[in-house]
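First, one chain by itself: the form predicted alone, in structure tokens.
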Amino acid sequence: MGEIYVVAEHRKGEVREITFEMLFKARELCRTFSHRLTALLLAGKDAGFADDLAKRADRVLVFENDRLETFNSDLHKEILNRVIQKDQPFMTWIAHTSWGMDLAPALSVKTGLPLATDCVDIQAEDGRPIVIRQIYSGKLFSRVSFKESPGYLMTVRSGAFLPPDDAEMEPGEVLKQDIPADLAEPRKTFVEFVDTGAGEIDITQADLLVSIGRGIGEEENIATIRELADRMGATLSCSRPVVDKNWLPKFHQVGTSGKSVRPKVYLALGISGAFQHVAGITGAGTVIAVNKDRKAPIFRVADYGVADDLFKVANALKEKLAGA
């Protein structure tokens, strides 16, 4: 029986959603190939994360120590290397985040195992992993295979796999582990955590999002859409071009360089639908797109589409809401 390891990522007292996304997908593969699913948790003492992870994995290996309270790639690399060398799992998954982009390449060098980064899908054929990655700015998907190896490492893109709300199983076994006594002092020191996406609103918690893109035209036009959002009881969000022009703060941005959202309804106004943006709305219940360009990529993922001027549609909605 093989084994898939998923390295849990946590920040500021919470397990990050990407961890549960990876566990959901890994569990599918484990069922198909009769593998065991193991979550690896490196955290401070009494972090309290193990029980949540155990609901989604066959077992949880827990390394708890004050030195692990905040992420440090030097410490994580050394501990994970020893676990991987000892247990030799079939695959080890790490989130493709600032965490993972720091840790995974160093771990690959340390273990000598091959690494595939920013994977949007992972399968297995003939005893080896097959991963799907986007290339040429998301215009193409590449199917990547590996040479034979004792194990494989990969980083997984946030939002690639969306678990259902009830994606739980019989609680797995929680195994407390001691960190190596000869663990060297890291070369890096944690100073502080600064969330550039933090702000006065949290778009990830909104049930209804009205989102604007390049099609808004000018900064002064945002007021029109903000009024619409207020009347609808919605939260205003945007695509990257709006943030790049400094028309809205970063915490409004949806996409791979912004935030992944899961509203019940996502109304996209003047958004072309670049893959970076679409990746951030894969969890949306219903996507409604308005764009003058009938060939805009956003229509490929929208449940409903309107090929028309966004201001015409916005004004019609406001009139309808005013008479409601």
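Under this definition, the rigid core comprises the largest set of C-alpha atoms superposing within 1.5 Å between the forms. For every residue, the number given is its place in the sequence shown, counted from 1. All values derive from a computational prediction rather than experimental measurement.
Heads up, the form predicted in complex with a small molecule isn't pictured, but that's what we're talking about next.
Novice: Assess the spot marked by Asn81, Thr92 and Gln123: is the small molecule within 4.5 Å of a heavy atom from every one of these residues in the predicted complex?
Specialist: No: none of Asn81, Thr92 and Gln123 comes within 4.5 Å of the small molecule in the predicted complex.
Novice: Based on heavy atom distances of at most 4.5 Å to the small molecule in the predicted complex, which listed stretch, 211 to 219, 70 to 78, 171 to 179, 114 to 122, is the contact stretch?
Specialist: The contacting stretch here is 211 to 219.
Novice: Taking 4.5 angstroms as the cut-off for heavy atoms, does Thr38 touch the small molecule in the predicted complex?
Specialist: No - in the predicted complex, heavy atoms of Thr38 and the small molecule never come within 4.5 Å of each other.
Novice: Any of the heavy atoms of Ala274 lying within 4.5 Å of the small molecule in the predicted complex?
Specialist: Ala274: yes, in contact with the small molecule in the predicted complex.
Novice: Should Val265 be counted as a contact of the small molecule in the predicted complex, where contact means heavy atoms within 4.5 Å?
Specialist: Heavy-atom contact with the small molecule at 4.5 Å: absent for Val265.
Novice: Any chance Gln253 has a heavy atom within 4.5 Å of the small molecule in the predicted complex?
Specialist: Output for Gln253 is yes: heavy atoms within 4.5 Å of the small molecule.
Novice: Once the core is superposed between this form and the one not shown, does Pro241 show a C-alpha displacement of at least 2 Å?
Specialist: Yes, Pro241 moves 2 Å or more.
Novice: Is there a C-alpha shift of 2 Å or more at Gln253 between this form and the one not shown once the rigid core is superposed?
Specialist: Gln253: C-alpha displaced by 2 Å or more between this form and the one not shown.
Novice: Superposing on the rigid core, does the Cα of Asp309 end up 2 Å or more away between this form and the one not shown?
Specialist: After core superposition, the C-alpha of Asp309 moves 2 Å or more between this form and the one not shown.
Novice: If the C-alpha spacing of Glu14 and Ala279 moves by 3 Å or more in the predicted complex, is that a move closer or farther apart?
Specialist: Pair moves farther apart in the predicted complex.
Novice: Val120 to Ser260, Cα distance in the predicted complex relative to here: closer or farther, by 3 Å or more?
Specialist: Nearer in the predicted complex, by 3 Å or more.
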